[in-house]
Each structure stands twice: as structure tokens, then as C-alpha cells.
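As a starting point, one isolated chain is supplied in C-alpha cells, in the form predicted alone.
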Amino acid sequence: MKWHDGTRENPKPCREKDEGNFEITIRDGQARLGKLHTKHGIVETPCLLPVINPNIRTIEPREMWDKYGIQALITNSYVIWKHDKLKNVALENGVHSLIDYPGMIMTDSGTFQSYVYGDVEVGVEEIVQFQKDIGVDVATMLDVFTRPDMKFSEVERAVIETIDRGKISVDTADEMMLNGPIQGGLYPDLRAKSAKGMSELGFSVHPIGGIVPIMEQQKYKDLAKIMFACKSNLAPNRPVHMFGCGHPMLFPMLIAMGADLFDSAAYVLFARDGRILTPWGTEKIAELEEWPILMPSITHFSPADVRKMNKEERTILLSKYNLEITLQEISRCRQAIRDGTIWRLAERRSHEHPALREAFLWLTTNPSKMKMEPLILDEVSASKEVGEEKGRWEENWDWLVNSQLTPRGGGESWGGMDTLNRPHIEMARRKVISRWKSRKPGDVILFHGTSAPWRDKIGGLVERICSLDYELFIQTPIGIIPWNLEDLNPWAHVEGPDWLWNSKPDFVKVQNELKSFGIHDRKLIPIDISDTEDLHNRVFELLGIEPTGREPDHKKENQIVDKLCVLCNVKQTDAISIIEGSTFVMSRTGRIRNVINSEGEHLFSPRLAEGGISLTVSGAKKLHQLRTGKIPSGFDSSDLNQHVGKGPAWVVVDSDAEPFVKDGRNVMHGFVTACDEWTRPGEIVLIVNSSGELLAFGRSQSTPAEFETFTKGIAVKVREGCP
């Protein structure tokens, strides 16, 4: 809220018991909107923490709060500690008073100064205690900076020393929130070792350190590799902070990989050098006649006007411009997460700079299929084989894919070959390939040549031939899909030019796709459906069969069977058994709206928007009865292929949550005691008690690791309780 004088209301402290907690409110794969609970407000992430030099304030911190709504900033505790005047004021009145800022304040420890100037004079315990004494919200331990040019043995010693210092720092911090930086240079194994070691020590936030020189040299592929190695080995319930990263060009890719916090003095440093930040790079004010993006700070000035200013005025104005551009890109990323399009934004941004494009292609072209050499070869153990390198990156790629939400509403915008490598599309393919099974022994018919909705165009034809032994598939720009899943996203709603849909099938590629579905050595019959005039007769002639009447409605059960298999992980024979004898309530357009079993129970409702399926209480009970495995007892996670046909994952809640969940309330983090290994975000889950009794059903918001570690936020969105 803003007061009449233009100032904003000071933040309210979080609840005392919530201090240090981090929760996810919305996710798009690893990208997430979150809330970090602190004494000086609840900070919404992803967000930027502008760097404030306590001696030189180009933009006043209070203005950042009042005018720009910046919820958190970072300043340097070592600089304050080293200057007696600042130190005395901070100790007497607190750091918030020193820099006149009411929001969350994070402080650095002097590690970066040790990188720039050599050594620092302060001790490990001393700097943490000082930050505690001046009342910072999130302090930082004094870690050991690792440079890109350091040898493996040097970096390894720094990683071990940082972990040892971390133990001391956490003890000194006591209940104060503390940053636990991840070091490791350019060595993925050491980054992973650092991430695992620091995760075990109880930090509140994990900055990824040692990346400033990498960004300065525009080695963005190395930055992506570092992020991959760190994030996939960190505890998921803590925000990840990109130490020293403040260029908006990098935000979409890093946020898509799971970054939550950014800090940088780039908005000031570039301004002093007469440069402006943009989402596609930097521009020199000396070369501009027009502003590339109009922002509030420069609406009354042209670039020529700014060039005429003295250096101090120009620096202040350009700093505000850079800050506004940076905040705008953070805002754009947050909205993309809400829309489920963060990867599309990262794709677009990747085309803005060749080094960023290189990084994005490395990231999205499935690293498991690439030769994963060490980042640099100096002193890498000779015992490391290429197979081990591939295995590590394949595991990390799975970590990224397994956090995706599918299916989702809305269209899938075509972005060239990048589209095929979007993680949520990869996850959707994995589910269909692993869970769908062919039931027809005959030839494969591949319909091609037009976009969805296919049921409107060839539904009548399919009903006439679906009783035959042909297995039916549809070609889409992102791969083939079985006919009974023809309305399933993302295949059914790819938005692109006509030529994309009119393309002829690549038979080698199609045969490889069929093999992945378990279909081998069958004749492939392509049928072009771009022209539906006299299509029925042409198809009957091609197949050598006589025209038949319309098949009865019971053939529609195959659609529900396949969706139960793919979307609810039901064994094919069980799905057939559940649907046997059912009747269907149809929409005016001939699509199934409700499935009613022979006992008159409403079991399932296909979702028309994205081709998904919704359960009712009766349907959930039917699926619950199929369970033959043990009640889960932990939070292990494994490949989906290992659990095909085992039914929807079970999420076990403790006795305190049981009555609320049974009444239809959401499952909150902290009340989950176990889950099945195949639990994934966005999937239908059954919520049970410790005895395996069905309490409710809903949609998971979390991975097993998140169930295990988070204590705040919604774990499962409950659709309905099961009395």
C-alpha cells in the first residue's frame, strides 16, 4: 500500500514460527513462484536484490522500496565492518536504519572482496556474528571463492574448506537465516559435492558462487552446466540465489532451471560506463538515437539529452533506467511461470546472443545423448569414463524433466526445433510411450496432413474402421500419437503455420517412434486427410475393405481405457475391466463428457480443454481398489518406466491432517509422511492414511524430494474428499 506522500507501508514481519521457511505457490517445471518468510516481510520470488554500497548510494534504498516496490536488497557486511563510522551506526541502530530501508536485507561477507583484492581481515565466526549483531535478515558465511582458472585440486580444497566453515557459521548464526554458498569452479563433480555437503548443514538460502568471472567472459554454457550440477543436488526447499547475476538477458534460462534470487550492481556499474541493460544484451548510450525500450525514468529525455548531462546526473538516470529494465524482465518471467510458458520465453531470449544460444542448446538438446566432457580437462581423474559422464548428465536431465506439469491447457506455440526439446513435452512423451500399449496386431495407419480437431474431420471414418485390426495413429509436429489420445495436449494444440501440419511423414522417423511404442515390423499405411472429400471411399479402397455402417457407441470405451492407462497409470487389463459395461454421456460435438458404470456410478469425466481426465469419488475408489503394492514408507523417486500400471501414486498423510483432508481440504507440506516413487507434479494422486485407507484424491504439486523437505505451502491440491 502507498501513502498519500508516495511512500509505501513498511512490511509486516512473517509469523515467528515461519521465519526462514520457503514455499512454492506456482510452478512451471523447476521454475517457481515462491515466498521467503523473513522478519522484514515475506519476499516473493523470483526477485532481484539490488546491490547497495553503504558508502555510495546512486539510488537511495528508500526510493527502491517506495517507488519501485523492491522487497529485498543486498549490501556488504564486510564493507560496513571495515569502516568504523558505518560499523558503529550499524551496531547501535541496526543495518536497516543505517541504509534507511524497511524490507529484507541480505548481506555479503567479504568473499567477493577476497577474490578482487586478495585476502580479507575478518574471521569466519566474527563476520557471521557481526551480521547477527547488526540485525540482517539473511547473512552470508565467509566461503572460499573459486575462480575458473583454478586447478581441480585447488578447487577441491576450497570446497572442503567452505563446508568446514559452513558448520562453524551455522552454529554461530543460531536462528539467524544464513546463506550457504555453493562453490566448485568449473568442475561439475565438485559443484555436486559442494551442493550436497552444504545442503546437509541447515542453511536458509543457497547462493551459487564463483560465477561472476564466468559471466564477465560470457561463458554462458559453463554457467548452465554449473547451474545444472548445483541445482539438481541441492535441497529443493531452499531458494537458490545466483550470486552476482543481474543481467536480465540471463534471467529466463536460469529461472527455468530453478533460480529464485538474483543480485547485482550491474544496474549501476553499466550506467557509470554509459551503457544500458536490455533483455537481449547491452547498448552504449553514445550510439543511441532512440531508446530501445521506453521506461518511466527516461520518458522526458532522449539519448542525446542524456549524453549532455554531467557524469553524476547521467549515472543516476541510467541506473534508474537499468533497474527498471531489470525489474521488468523479472516481472515478465514471473508472469511466464503463471502462464506455464517460461521455457518459451527462455527459447526466445536464447536467440538474442550467440553465447546464450550455445548454452540453451546444450541444456535443451537432451544432455544424455551428448558426449559430456568435463568442463575443463585439467586434473580430471583418469578413471572417469565417458559413460559415467553421460550417466551423470542423463540423471540431471531426468531431474529437470520429472518436475514438469502435463497435460496443460492452452495452445503449444511452435518455436522451431526448440519445441521438441521443451521439458514438459519430453515428459508428456515419456508418459505416453511408457504407459500406452498396443491392442491391435495389424498394420499401422498413420493419418496426416491436417491439424486438430481430428475427431470432427475423420471421426466418422475412424468409427467405421476401429473394429478392424489396424492400429491408428495421428501425425503431429511433435510426434505421432495413438488415435484414442487424439485430443490430448500438447499434441492436439500445437499452434503453427499450415506447412507444419501439411508436411509429409518422415517414414524412418515414424518407424523409430513406433518402436518406442513397442510396435515392430508392421506395415505402415500413410493416409493424407488434408482433403476429406470422398475420403471414406478412398480409404476403403486403399485398405481393400467393404464400407460398413457406423460402429456402436461401445467402441468409445477404448478412448477412456487409453486415457486411464496414460494419465492414471492404470494397467490396461484393469482399465478394460473398470470400463466394461459403462455408458457415456456425450457432448453436442460427439465427445465423451461422463463415464457411467453398469451400477449407475459416475466414474470419470474427460476434460475437453486439454484432453485430460477427472475422477469422481466413485472413480477414485475404483482405482484405489486396484492397489496390490505396499503402502509407501519413504520419499524415494525412480523412473516412471519402473512403475507402469501400478495405478495413481499414493500420498500418505499423518493422523493430524486426516480429518481435514477427508473433508476436502488441501494437503499441506509438513503433513506428508510418504509417497510413491512415481509421484510427479501435476499427476492425479490418491491421498491415504498410514493404513492405506482412501481419504481424498487430487493433483500433486510436488516431487518426492519436495514432499520430504518442504514444511510450508500446498503439497497436494485436493479435488474432493472421500467420506
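This structure is a prediction, so every number in the text was calculated from the model and none was measured. The numbering used is simple: start at 1 and walk along the sequence shown.
What comes next is about the form predicted together with guanine, which does not appear here.
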The stretch from 511-519, 459-467, 638-646, 141-149 that lies within 4.5 Å of guanine in the predicted bound form, judged by heavy atoms, is 141-149
If you check in the predicted bound form, do Asp108, Thr111 and Gly209 all have a non-hydrogen atom within 4.5 Å of guanine?
yes
Of these, Gln131, Ser169, Asn322, Gln183, which has a heavy atom no more than 4.5 Å from guanine in the predicted bound form?
Gln183
Given that guanine is left out here, which of Phe243, Phe473, Tyr220, Tyr78 has a heavy atom within 4.5 Å of it in the predicted bound form?
Phe243
